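Taking the form predicted on its own, here's one chain by itself in structure tokens.
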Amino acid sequence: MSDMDVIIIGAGVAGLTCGCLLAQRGLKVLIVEKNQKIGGCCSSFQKEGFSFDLSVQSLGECQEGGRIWNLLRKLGILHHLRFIPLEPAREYHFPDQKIVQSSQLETHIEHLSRVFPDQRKGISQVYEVLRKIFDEFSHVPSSLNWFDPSSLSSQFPFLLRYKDQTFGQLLGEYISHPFLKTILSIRTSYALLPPEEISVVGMAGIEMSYFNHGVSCLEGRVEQFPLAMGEAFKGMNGKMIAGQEVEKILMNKKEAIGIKLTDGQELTGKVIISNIDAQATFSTLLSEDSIPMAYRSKLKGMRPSLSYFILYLGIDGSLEELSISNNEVFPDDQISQEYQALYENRIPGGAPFYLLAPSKVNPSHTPEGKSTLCLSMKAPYHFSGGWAQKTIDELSEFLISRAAVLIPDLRKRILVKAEATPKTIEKWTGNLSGAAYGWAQIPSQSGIHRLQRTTPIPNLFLTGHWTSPGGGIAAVVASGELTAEVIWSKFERGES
């Protein structure tokens, strides 16, 4: 392993995707993972007979023709996994009404059009823009020169037109009804941003990766997905080191030539790919003088996404009170109000929250006659109250009391409890400030403005949610595929 073609730092989904595709082509690939378990955010844990997925509960693009489905087929492991379609995809609970959202775009548009008949044309136009942006972004070649306006305007007109716009601005063009704007904006919360801040490009990825090929849960535990990829990687003669952290990236003059592990072992490679936190890559693994000043300044000015507080519960009995597994509960229809508090490092008293019941679609998560709940809400890393156990207990109590409105006897049915804070997420993933989705998907950090796969350091590349397309499992699979394409082209040209 002293002379690899490719060394990948981090065995998250993007790193595994990239590693598998390059090993499949015959390159000698090594993946190094600091944790004993691979998969990054796509991991699971068990407590007292209950299974919990850490942070990934549902996936887009897993049905036939979707990006994840196509990848698994290409790697020959599609038959190892079974995806359960979720239809409807989710329910949104407001104080005086419930909104049911289909996972099928045409059904979703038709339902909204019946409720808001005078807005039918605008609804269709919003989703047509999102669809075209998503399609264009899905076909952007890795070799495209983003700074050539002529190639952008001719091949990718919607990406060019909307590259600096927010989703709120797009809604302002086509939608006039305030509550319809709220409904269409609900899923901006999956990027941890209000509609006034999330980019149109980022929103296109979030919405269309679900609508194009449905929403699914993986039968069993979500970690089976990266574990299956890890086995496929080893079957292609890929090499894996788990439980070892990279201490630094080795340089020869100004080029990346390998890595040094915390146990002192040095490994060389023709190409180094970082699938870990971008700030850590450039501030911890590299010396400051090896990075151009302009690139250092760009990194310092970039903003990570918010994070989550998550409460995992093992429950006695079934959860017949809930119609479906994926729910989001709002105190009112002002979905942007909580962000001011979050940006002030507070969690507002009336914060919306997610209420997921994974065992409704995955009974194997629990002993017979039991259920699982996952309650979560957006959270700042630098919480004003700190993340002491007292704070954790107070937030847990808040979520339980809110969820008990839908599940009246919840409190006395709790058998198992576990919590995760932004600090926990930072520890799991190494992500700066426990960022759930890498850089926040604001216009200045989305699409062509996100970090490029190539870096100013020769032979050093990036993959994962710190580069395009951004956060989410389907998006990081796309990132892994695009980075693999860049690296393979480099080898084909004889440049490594």
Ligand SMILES: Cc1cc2nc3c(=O)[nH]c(=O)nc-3n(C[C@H](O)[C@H](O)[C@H](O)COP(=O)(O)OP(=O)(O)OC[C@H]3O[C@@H](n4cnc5c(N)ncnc54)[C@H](O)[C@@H]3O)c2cc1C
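In this text, residue numbers run from 1 along the sequence as written. All values derive from a computational prediction rather than experimental measurement.
Absent from the display: the form predicted in complex with the named molecule. The rest refers to it.
**Q** Just one of 37 to 45, 22 to 30, 441 to 449, 454 to 462 has heavy atoms within 4.5 Å of the named molecule in the model of the complex; which?
**A** Of the stretches listed, the one contacting the partner is 37 to 45.
**Q** So in the model of the complex, does any heavy atom of Phe233 sit within 4.5 Å of the named molecule?
**A** Contact with the named molecule, no.
**Q** Give a yes or no for Gln63: in the model of the complex, does one of its heavy atoms lie within 4.5 Å of a heavy atom belonging to the named molecule?
**A** Gln63: no, not in contact with the named molecule in the model of the complex.
**Q** Does at least one non-hydrogen atom of Asn70 fall within 4.5 angstroms of the named molecule in the model of the complex?
**A** No, Asn70 stays farther than 4.5 Å from the named molecule in the model of the complex.
**Q** Is there a heavy atom of Val246 no more than 4.5 Å from a heavy atom of the named molecule in the model of the complex?
**A** Yes - in the model of the complex, heavy atoms of Val246 and the named molecule come within 4.5 Å of each other.
**Q** Can you list, in sequence order, the residues from 8 to 37 that come within 4.5 Å of the named molecule in the model of the complex, counting heavy atoms only?
**A** Contacting residues: Ile9, Gly10, Ala11, Gly12, Val13, Ala14, Gly15, Val32, Glu33, Lys34, Asn35.
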